[in-house]
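Next up: a single chain in structure tokens, the form predicted alone.
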Amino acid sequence: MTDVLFSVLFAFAASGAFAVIYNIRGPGVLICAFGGGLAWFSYLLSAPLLHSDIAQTFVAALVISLYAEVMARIRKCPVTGYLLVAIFPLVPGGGIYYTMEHAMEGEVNAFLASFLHTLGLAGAIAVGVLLVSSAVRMWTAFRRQSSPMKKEERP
């Protein structure tokens, strides 16, 4: 349990540092840092259920995308800032490094295996963000369309 707590704490701290680098100020730094910790916590929490790091990454991307959408609505800020900073713990940087290392050493089989795995992780992040973003846009459009306002009153 302490391993999970420490890794979530480190994800929190790293995301907070990236929030400062991306010029996010005030309480936004803590909100983004909490998002990074939440992303890593949901990744670790889904491990016993899914047994696949690609599926774990997908679940964590869904959770963090939903969190970013909610925080953006509450604070009336763009979703991008919250999402980019909170996704950092999920980015497969090590996979990219090892893929390039295998490519430079001419290890074709290891390169292909590493490349496809890294591509799967990146794709899981992208699809998770896309699903939540699309669902929120559809819900917002449906809510606007079903509102009793006349078309002339809409902004």
Partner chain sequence: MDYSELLTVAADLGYALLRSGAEIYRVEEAIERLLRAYGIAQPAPFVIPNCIIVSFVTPHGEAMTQVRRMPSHGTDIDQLERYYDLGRRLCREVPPLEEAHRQLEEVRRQCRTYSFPVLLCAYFTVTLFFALFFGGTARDALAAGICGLTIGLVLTLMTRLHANLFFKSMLCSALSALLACTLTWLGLAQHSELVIIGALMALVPGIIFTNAIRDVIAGDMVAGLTKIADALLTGVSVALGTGFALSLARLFWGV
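Residue numbers count along the first chain shown, from 1. Being a predicted model, the structure only gives us computed values, none of them experimental.
Below: the form predicted in complex with the partner chain, not depicted.
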item	value
Among the candidates Val108, Leu30, Leu116, Val91, the residue which, in the predicted complex, approaches the partner chain to within 4.5 Å (heavy atoms)	Val91
Partner-contacting position among Leu45, Val59, Ile96, Leu50 - heavy atom within 4.5 Å of the partner chain in the predicted complex	Ile96
Partner contact for Ala141 in the predicted complex: the partner chain, 4.5 angstroms, heavy atom	no
Touches the partner chain in the predicted complex: Ile87 (any heavy atom, 4.5 Å)	yes
Exercise: Val129 in contact with the partner chain in the predicted complex, heavy atom 4.5 Å	yes
Met104, heavy atom within 4.5 angstroms of the partner chain in the predicted complex	yes
Contacts with the partner chain in the predicted complex - residues in 51 to 83 whose heavy atoms fall within 4.5 Å	Glu69, Lys76, Cys77, Pro78, Val79, Thr80, Gly81, Tyr82, Leu83
